[in-house]
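Presented below, as C-alpha cells, is a lone chain in the form predicted alone.
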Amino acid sequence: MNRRRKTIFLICFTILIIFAVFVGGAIIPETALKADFAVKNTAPSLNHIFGTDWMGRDMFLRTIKGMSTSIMIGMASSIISVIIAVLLGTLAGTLSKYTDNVVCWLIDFVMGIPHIVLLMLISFALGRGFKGVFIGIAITHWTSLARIVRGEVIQIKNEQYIKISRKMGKSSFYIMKNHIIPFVFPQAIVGGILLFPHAILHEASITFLGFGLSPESPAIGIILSESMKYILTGYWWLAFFPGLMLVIIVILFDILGENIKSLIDPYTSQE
C-alpha cells in the first residue's frame, strides 16, 4: 500500500469514527439518559462501560450525546467561519488598499482579544445556550484562515492569467468567482477541518466555565464541570472517560485535516 492509499484509508477511517459518534449521539433518546438512583455512582463495568454518575445516568450514553452536540456546534460554526474567512481574505487581496487595511485591522482586532474572553462575552451577551456558543465561535475563529487566504490571493493576483482576464474586460467579481476562489478552495477546506478541534475545545471550555450551553444539556463541558464536584471522592470515571473522548475526537479531526492536506497538496498528492 503506497502513501496515497494509506492517506485515503486514514481519511475514510477517521470520517467513519466521527460520523458514528455524531449519528450515535443524535439517535440516543432523552429517555435513555433518565436518572436511576438504584445504580448511582457505579464504577465502569460490562453493564455500564463508562460507569454511572450521581443520578445513575449511564456515562457512556451521556458522553456520546455530548460529543455529538459538540461536533454539531463545531461543524456549523466552522462552516460559517470558513465562509467569512474566504470572503474577507479574497476581498482584502483583490480590491483596493483601503479594503485591505480595513480587513487587516479587523483581523488584528479580533486576534488581539483572547479567544476565551471574547467567546464568553459574546455568548453571555446573546443569552448563552446553543445560539450564543454557535455565534461566538463562528465570528471569532475566521481570522487565521482569512490571513492565509489573503496571502494566497496576493500571491496569485499578479499571475499572467489574471492579467489576461483584466485586459479582456472581466470584472473583479468575475475574476474572484472564476479564478481566485477556486484557487483558495483547497486551503479553505483544510482550514475549515482544522478549525473543528479548536471550535470543539472552545465550546467545551466556555461551557465548563458556565458561559456556554445550559446545564441540562448533555454537553462535554457540562459533564466535566459537574464531575469536578465528585472526582475528589474517588469517582474518577466521571471526568476521565468524557475527557478522553474529547481528546480522541480532537486528535481525529487533526489527523483528518493533515491527511486531506497531504492528499490535495500538489507536492505530496502523487506519492
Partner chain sequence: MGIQCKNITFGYSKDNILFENISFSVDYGERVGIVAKSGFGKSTLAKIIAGYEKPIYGEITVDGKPVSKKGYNPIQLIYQHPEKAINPMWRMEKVLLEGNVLNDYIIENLGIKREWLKRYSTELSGGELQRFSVARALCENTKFIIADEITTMLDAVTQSQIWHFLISECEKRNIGMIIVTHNMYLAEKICTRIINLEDMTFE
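Note that the rigid core is defined as the largest set of C-alphas that superpose within 1.5 Å between two forms. Positions refer to the first chain, counted from 1. None of these values were measured; they are calculated from a predicted model.
In what follows, reference is made to the form predicted in complex with the partner chain, a form of this protein that is not presented.
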* Although the partner chain is absent from this view, report whether residue 167 comes within 4.5 Å of it in the model of the complex, heavy atoms only. => yes
* residue 134 within 4.5 Å of the partner chain in the model of the complex, heavy atoms -> no
* Asked: Could you tell me if residue 96 has a non-hydrogen atom within 4.5 Å of the partner chain in the model of the complex?
  -> no
* Does the partner chain get within 4.5 angstroms of any non-hydrogen atom of residue 130 in the model of the complex? -> no
* Would you mind picking the one in 198, 157, 147, 179 that has a heavy atom within 4.5 Å of the partner chain in the model of the complex? => 179
* Asked: Are all three of 163, 174 and 183 close to the partner chain in the model of the complex, meaning a heavy atom of each within 4.5 Å?
  -> yes
* To do: Would you say whether residue 172 is displaced between the shown form and the other one, judging by a C-alpha shift of 2 Å or more on the superposed rigid core?
  => yes
